[in-house]
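Below you'll find only one chain, the form predicted alone, shown as structure tokens.
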């Protein structure tokens, strides 16, 4: 098995474990967009410290692990505007869907939530169509 596949499997297992620990530890779904959104719109005031620690860990983990993965090539575009616009569109999409890949895809599907499964199907489909359009038709990425 190629190293990329093994690393993807390990990453998926770690994310699943984190979602289970978060749910069992405090009874809430580990949805990154909901955690961030609660800080932005003020609805998460009662758990602001937990939310800030979660976000800090999301940023710190790659930095801490960076020395282990010096040869990683993401094949991301060199056009910074494509990255910025894509990030903004992902943010808008997660608010429209009331969740993101961690909430719907990992936690929702593992709980056999119909809403989580349907959301995951549609955002994976939209991501595939977007890639075909921007990579093969517009040749932007």
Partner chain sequence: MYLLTALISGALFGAGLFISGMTDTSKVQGWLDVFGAWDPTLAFVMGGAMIPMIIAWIITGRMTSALNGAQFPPKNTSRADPKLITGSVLFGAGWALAGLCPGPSIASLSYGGPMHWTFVAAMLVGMLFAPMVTSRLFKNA
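Only the largest set of C-alpha atoms that superpose within 1.5 Å between the two forms is called the rigid core. Quick caveat: nothing in here was measured; it's all calculated off a predicted structure. Residue numbers count along the first chain shown, from 1.
The discussion below concerns the form predicted in complex with the partner chain, not included here.
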If you check in the predicted complex, is residue 111 within 4.5 Å of the partner chain, heavy atoms only? yes
Please run the contact check for residue 91 against the partner chain in the predicted complex: heavy atoms, 4.5 angstroms, yes or no? yes
Contact with the partner chain in the predicted complex for residue 37, defined as at least one heavy atom pair within 4.5 Å: yes or no? yes
Decide whether residue 45 counts as a contact residue for the partner chain in the predicted complex under a heavy atom distance cut-off of 4.5 Å. no
Of the residues spanning 41 to 61, the ones with some heavy atom within 4.5 Å of the partner chain in the predicted complex are 41, 49, 50, 53, 54, 55, 57, 58, 59, 61
Do you see a C-alpha shift of 2 Å or more at residue 82 between the shown form and the other one, with the core held fixed? yes
